[in-house]
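A single chain, nothing else alongside it, follows as structure tokens in the form predicted alone.
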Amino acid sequence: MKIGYPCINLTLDCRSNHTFRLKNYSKERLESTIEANLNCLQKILEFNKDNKILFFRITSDLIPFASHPILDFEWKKHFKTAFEDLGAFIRKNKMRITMHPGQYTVLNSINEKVYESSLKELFYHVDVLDLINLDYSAKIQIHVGGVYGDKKASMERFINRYFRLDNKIKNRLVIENDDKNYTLSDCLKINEKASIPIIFDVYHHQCNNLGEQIKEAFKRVSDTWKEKDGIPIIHYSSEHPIKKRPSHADTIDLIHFKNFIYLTRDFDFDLMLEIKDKEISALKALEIISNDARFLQN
């Protein structure tokens, strides 16, 4: 079991997701921004290693305008060595990495332009993980997408488009149940036809489910992951005590987390904490699982 958090480290004085307005675009500014982002990503990974946080989601904004037509800079070639160095560090320290394209990456969109843009975004994310030389346990996660008034047809559209994807994308792509449109049951139906692994989001399941208990859900999700995919990935959060559903907690609820870890004791998985105070909650979670046999295997 590895514990992780997404994209931003609140302790450090840098961010790996800096970008700028399109009207201010220049090759020089793009190059300097990418360099700063990569340098910060290295610092975040070093912080994580020093604190035994071995799971991290890299921001999609690492390379500004990566899938935009304005891009006129061979960033993959220019920063090849920097990416290789990041990969060597990640592999040496047995870290796991994921990426999560934004809300406008919708594979089952009924808008052809949105679909085409989504493909470009997916290729960009694959390029980043390939440049870092990570195996297929480094995943790109997306939601199934919209319902568009006909969930069955929208699921079929997702499956048909998935089968047409380049293998570079299919080898890394995973889907996640969401808090509004697609339940765990829906994702399992897609898996039955497409064999795509499922990230189980515990809080989304709390918001949107068909009554499946956590143990049942974990067993069914675990079976969707093959050896090349690595162990299953689980997303964890709890409900915000004031804002309520579907708002994620600002910080970890230690009693809720302890109960969750006990409830899932029969399953091995890597755990992404989708909690707003990022590494601060991750460090608290690490204290709780420090004697867990699953964690001690790292």
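Numbering starts at 1 and runs along the sequence shown. Remember, it's a predicted structure, so these values are computed and weren't measured experimentally.
FYI, the form predicted in complex with the DNA isn't displayed, but the following is about it.
In terms of contact with the DNA in the predicted bound form, the residue from H256, R29, K43, R265 that brings a heavy atom within 4.5 Å is R29. Taking L184, I140, I97, V106 one by one, only a single residue has any non-hydrogen atom within 4.5 Å of the DNA in the predicted bound form, and it is V106. When the DNA is considered in the predicted bound form, V114 lines it closely, a heavy atom lying within 4.5 Å. Although the partner is absent here, S60 lies within 4.5 Å of the DNA in the predicted bound form, judged by heavy atoms. Among residues of the shown chain, P101 is one whose heavy atoms approach the DNA to within 4.5 Å in the predicted bound form. Within 4.5 Å of any heavy atom of the DNA in the predicted bound form lies no heavy atom of G87.
Remark: all three candidate residues (I8, E121 and K276) come within 4.5 Å of the DNA in the predicted bound form, counting heavy atoms only. With the partner omitted here, the stretch from 173-181, 190-198, 75-83, 213-221 that lies within 4.5 Å of the DNA by heavy atoms in the predicted bound form is 173-181. Taking the DNA as it sits in the predicted bound form, the stretch 1-33 comes within 4.5 angstroms of it through a non-hydrogen atom at C7, I8, R15, N17, H18, T19, F20, R21, L22, K23, N24, R29.
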